[in-house]
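One chain follows as C-alpha cells, the form predicted alone.
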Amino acid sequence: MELSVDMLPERRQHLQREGLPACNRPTLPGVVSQRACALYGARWMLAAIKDAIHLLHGPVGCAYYSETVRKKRYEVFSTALEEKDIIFGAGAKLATAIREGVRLRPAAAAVIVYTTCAAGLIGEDVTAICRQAEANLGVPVVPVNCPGFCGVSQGDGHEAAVTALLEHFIGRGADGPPLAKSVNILGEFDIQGDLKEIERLLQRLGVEVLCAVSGRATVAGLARARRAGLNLVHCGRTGRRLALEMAERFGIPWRKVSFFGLAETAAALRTIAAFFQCPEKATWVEEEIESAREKASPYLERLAGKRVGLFFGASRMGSMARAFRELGLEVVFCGSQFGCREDYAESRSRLGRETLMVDDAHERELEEFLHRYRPHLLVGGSREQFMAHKLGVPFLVFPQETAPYAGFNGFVNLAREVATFIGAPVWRLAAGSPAPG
C-alpha cells in the first residue's frame, strides 16, 4: 500500500503498513534519529551486575553518558583519555586504572572494561591488558568490545555484552545437574519494581529465579545460571541470542514469555507451570485476571476507543501493543529505535495488518505521524516527550517512571496512569493541540 506520509525516498522501506519494516541499517547521514550507540547498549545489559567494577576505557564524557541506565545511576570508573593518550597510546593508563579500581573496591568479584570509540581508534589491545591484569590481581578482568562505531545502534552493544556474559561469566560456572524448578530471566530490566512483581508470581508457582539478566545480577548468580532448568526470554533480541547459546552450550531449554498485560502474563505462568509439570499450581491465574480487570474497570471505561502511538525499545513492542489493546486503545502506529526482524514480526502478529510500523523514525516523521493519526496518547522515551507536549498530545514515558507495569498489578497501574494522562484537563487548554476526536 502506498504511504502518504512525507518522507525521504531512502526511508520508504522503514515504514510499512502490512509487512515488516527494514531494520538493522545505519541511520541516514544528516538524519538525527533517536538511537543510542553500542557502548550504551553494553551498559544497558551489564550495568546491573552490582558486585563488579565497571571501568570505561575512553574520554570521561563517555563515562558520564553511560552512568545513568534505565533512569538509575551506577558507579562507573574511567581512564579519562586525553589528547596525548590518543597520540601515544594509553595501555599503561588502563592497567593502572584497573589496579586502582581493585584497590578502591577490594570486595569486587570482577572488573568489566568497556572499550569506547577512542580506545578502538588507537588500536588498544584491551584484551591482552585485561588478561595480564587478571593474572596479576587474581580477579576476573573482562573486556567488552563495544566502541560506538562498531554497530548501527544500541542493539549491537547488547550483542557485545551477551558475548562477554557467555565467555567470562556464565561460562565460568561449575557444571552440575539442573536445579529443580529454577529459571533464569533473560532481558528483564527491573524497571520500577517489575522484577519484584514477576518474582512474586513465580514464587506462587514454586519456581526460583537463579539469575535475572540484566535487571539484578551478581557474578556468583551468573555463574549458577548455567544450571537453571529453564530460560525465560523476556527481551526478544538480546534474550533470544543468550537463550539459544545457552541451549547449545549447556542444554537449557527456553521459552519466550511476557509479563505485560493480562493475557500475556497468564500465558507465561501457564507455560512455566506446564514445563515443570505442575499445571495445578497455576489454577489461581484466572482469579487474578478477574481481580485485575475489576480493579482496572473504572479506567477501562474512560479509555475505550482511544488511539495510541508506540515508539520505544524493540524488546517490549509486541507485548506492550497487546497490553494497550487490552486497555481498549487502538494502536495506530508502532515503532522502535533499533528493532530487529524478530521483534517486528512478533509485533505484527499481535497488531495485524494496517497498523503502521516504523523503524528508526526521526523527529520530523514522528511529528507527522502525530498530525496524521491524531493519537490520544504517545508512548515513548523521554526524548520524544517534549515534542508531544508542544503538539498538545498526552505522553507516557516508557520504560516507566512511577510503578511496575509487569504482572496483574502492573496492568492496573498501567490502566490508571494512561487514564490519568489522557484525561488531564490541561490538554483542553494546550495551544496548537491536534484535538483528537
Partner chain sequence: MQLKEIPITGIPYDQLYIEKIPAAPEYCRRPAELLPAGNRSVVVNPNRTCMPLGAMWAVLGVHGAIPFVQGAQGCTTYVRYTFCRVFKEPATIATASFHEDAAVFGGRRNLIEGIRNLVVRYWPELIGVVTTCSSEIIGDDMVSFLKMARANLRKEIGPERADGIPIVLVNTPSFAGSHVDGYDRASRAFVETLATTRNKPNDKVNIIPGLLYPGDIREIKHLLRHMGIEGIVLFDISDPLDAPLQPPVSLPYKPPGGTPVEAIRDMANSLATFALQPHAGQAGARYLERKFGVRAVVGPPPIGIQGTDAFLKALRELTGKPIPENLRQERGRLVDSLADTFHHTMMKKVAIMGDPDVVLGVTRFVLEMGMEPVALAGGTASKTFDHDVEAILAEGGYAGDPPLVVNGGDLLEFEEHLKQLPRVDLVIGNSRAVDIAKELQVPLVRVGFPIYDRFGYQKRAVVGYRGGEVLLAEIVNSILGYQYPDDRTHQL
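Fair warning: this is a prediction, and the values are worked out from it, not measured in the lab. Residue numbers count along the first chain shown, from 1.
In what follows, reference is made to the form predicted together with its partner chain, a form of this protein that is not presented.
Between the options E326, E365, E159, E264, the residue in contact with its partner chain in the predicted bound form by a heavy atom within 4.5 angstroms is E365. A heavy atom within 4.5 Å of its partner chain in the predicted bound form is found for exactly one of A47, V379, A406, L39: L39.
In short, of 170 to 178, 210 to 218, 345 to 353, 81 to 89 it is 81 to 89 that has heavy atoms within 4.5 Å of its partner chain in the predicted bound form. Although the partner is absent here, F275 is not a contact residue: none of its heavy atoms lies within 4.5 angstroms of its partner chain in the predicted bound form.
Interface membership of D51, defined by any non-hydrogen atom within 4.5 Å of its partner chain in the predicted bound form, is ruled out. Contact check for F250: every heavy atom lies farther than 4.5 Å from its partner chain in the predicted bound form. Taking non-hydrogen atoms only, H14 never approaches its partner chain to within 4.5 angstroms in the predicted bound form. In sequence order, G148, F149, C150, G151, V152, S153 are the residues of 123 to 153 having a heavy atom within 4.5 Å of its partner chain in the predicted bound form; the partner itself is omitted from this view.
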